[in-house]
Structures are given as structure tokens and as C-alpha cells.
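Quick heads-up: it's one chain on its own, the form predicted alone, in C-alpha cells.
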């Protein structure tokens, strides 16, 4: 193999590959990144057998070929090179890298030992083309609510599914639930995408990329972001029927300015550290005030009141971190809060006639 390409493109491709490459003693080639010449491009790929990233980089091809080399060292070496042209050439399973006065030779492993990269049949798969802005917002609004408990693997991913002609994304850990309506669809879909996969897709996105293509088959999902493809296995299992748990009454109890509630919640959280983040949210119809109260036995106590449009009196105890996290992903100027009692779930939505986002937090027993 003998090719030349720009340092900038090579650095970006290697950054994604080095994050995915894994050091497995029983399969050392997984610690490597694959270089393979196809047509007038160089394919740069890495896989950990669950997730694969493939980037097509335009290059000047002198001689075809393929090789795999350690991902970490080549990524760091190329990342420290100056801008300009990088020349790659192979001799056997060794790769020589030249750029200006810099030269390095890395001992690799024959490309034939690299696992076969995953393929999705585009003719039979379910396909979505999503705006990058909507995609990023939908992921950010759901991924943080997913569980880290590996004993319940289905809750460790974001649930993509169709319902009543719409595509929805859902994340839950059993204590809170985030649901985002994304686009209309005629396809029937149920798929659980690992959060690690979605984090990689977010990292691959740039301000110059307007769309992301998503393909689902029965066991895999592929995201195409610019010149990069990220393919992942789906999480096996049946996602809980969360819709039967949604409160039937979501009539707003309070409408409040988002920035004011963020500020007030941050203050209340300072006094809630000793009580597992417990704060009490109360609404007062007579005064049209929303209040947040918290107590710390050693520090003191806090009570803050802010203006709001209040429909009824009530109070509920919440985990302050859960409330702050949902407030951080709502970009609307104001939001609505709904609950029907101290032990009822609280529903948070951006203020809109037909809101696309719904977040539910289970109350703390007090």
C-alpha cells in the first residue's frame, strides 16, 4: 500500500477508531485500526465486535493494499504531526508514516486477521434521514435518563420505536423517564440502541454536517455521519411497556420560566446534599408562587419562591439532580409541571400547544 492524504482528515478518522479499538488479549487485532484502499479512497476502520466505525478518506493512491496497526499509538502520532500531507506505505505488515521531517514505522498485523466489518442490507432495512439538529437534541434529551445497571440491559439503551405514525426515542432508569417524539413514520420499529453507540455518533457530528442517515435491521443499526459510518449491535430484549405507566392526567399545575426554575433548583440543591438530593416543590394558587424547599442539618435550610402561573395547590418531594438534568435539556423559555399528589409522578414538558418532549420523575417518599 502506498497513499498520501491530509493530516487533518487522517487525524479525525483515527480519533474515532482509537476510541472503539479494544485491547482483548485473546484477539490482539482488535487493538488495531484497519487501513484498506478502495477505489480512490482509504477506508479506516476499527471494531470491538459490538461496535464498528468506518471512515472513507479521500487520498492520492499510488499502490493498493491493506494493513492493521495499533490504534492508540498511530492516533497519537498523527495527531501531533503538523498540518500538511501524510504519506503511508507498507512493507509486509509494517506501516511507515512520513510527514515533512517526521518518519515512523509501526509493526502491525496482517489485514486478513481483522474481523469482517458489519454490513446492513439497505434494501430491506428501515431507513430514516434526520436533521442533525433534531437528532442531537433528541439524543441529549433521552440518553441521560438511561440506566447504568447492567443487570437490566434493556434499560441501558435508548428505545427507538414507532407509535401512532411517529418515531419516538425513550430512556428510563426506573426512577425517571424521558420521551421525545421525533418524526412521522410509516415503518414499524422496535430497537434498543446502546448509549455508548449514540455517544460515538454525537462525537462524530460536526457543525458542517446537516443530516444523519439511520438504518435498522433486525439486530443492527448503522449511523452515517458525513464520511463516517458507525454500526452497532442492538440490545437484545423486550423494552417495558412504559406507556401504561404514563399519568393519565397531565393537566399543568404550574407554568414557570425555565431559567428561573434552574436557578432556584441549583440553590435548593446546595442544601439537599445530606438528604440524597431531596427537595420539596410546592405550588400556591392564592399567591401564584412556586417554591422549592430543602434542609441540611449541619448547614441550614433554604426556601425560595418564584413567580409562576399556578392552577392548583400541592407539593411533591423530588431528587434535585433529576430535576436539574431535565431542565438542562429543555431549551424552551418556559415549561409546565404536572402532578396529582405527593406520591404521583411529576411530568415536565416545554410550554407548547403540542409538546414533543415529555419527562417524568418519580417522587421521593417523605
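Positions refer to the first chain, counted from 1. A quick note: this is a predicted structure, and the numbers were derived from the prediction, not measured.
What follows is about the form predicted in complex with a further copy of the same chain, which we do not show.
* Asked: in the predicted bound form, which of 298-306, 40-48, 311-319, 329-337 comes within 4.5 Å of a further copy of the same chain (heavy atoms)?
  -> Only one stretch qualifies here: 298-306.
* To do: Quick one: from 206, 103, 151, 129, grab the residue that has a heavy atom within 4.5 Å of a further copy of the same chain in the predicted bound form.
  => Of the listed residues, the single hit is 103.
* Asked: Within 4.5 Å of a further copy of the same chain in the predicted bound form, heavy atoms considered, which of 161, 136, 273, 181?
  -> Partner contact (heavy atom, 4.5 Å) among the options: 273.
* 4.5 angstroms heavy atom contact with a further copy of the same chain in the predicted bound form for residue 263 -> Result yes; residue 263 sits at the interface with a further copy of the same chain in the predicted bound form.
* Asked: Though only this chain appears here, would residue 165 touch a further copy of the same chain in the predicted bound form if you measure heavy atom gaps against 4.5 Å?
  -> No - in the predicted bound form, heavy atoms of residue 165 and a further copy of the same chain never come within 4.5 Å of each other.
* Would you check, heavy atoms only and a 4.5 Å threshold, whether residue 82 touches a further copy of the same chain in the predicted bound form? => The answer is yes: residue 82 has a heavy atom within 4.5 Å of a further copy of the same chain.
* residue 245, heavy atom within 4.5 angstroms of a further copy of the same chain in the predicted bound form -> It does not: once a further copy of the same chain is placed as it appears in the predicted bound form, residue 245 has no heavy atom within 4.5 Å of it.
* Does any residue in 49-76 get within 4.5 Å of a further copy of the same chain in the predicted bound form, counting heavy atoms only, and if so which ones? -> Those in contact are 73, 76.
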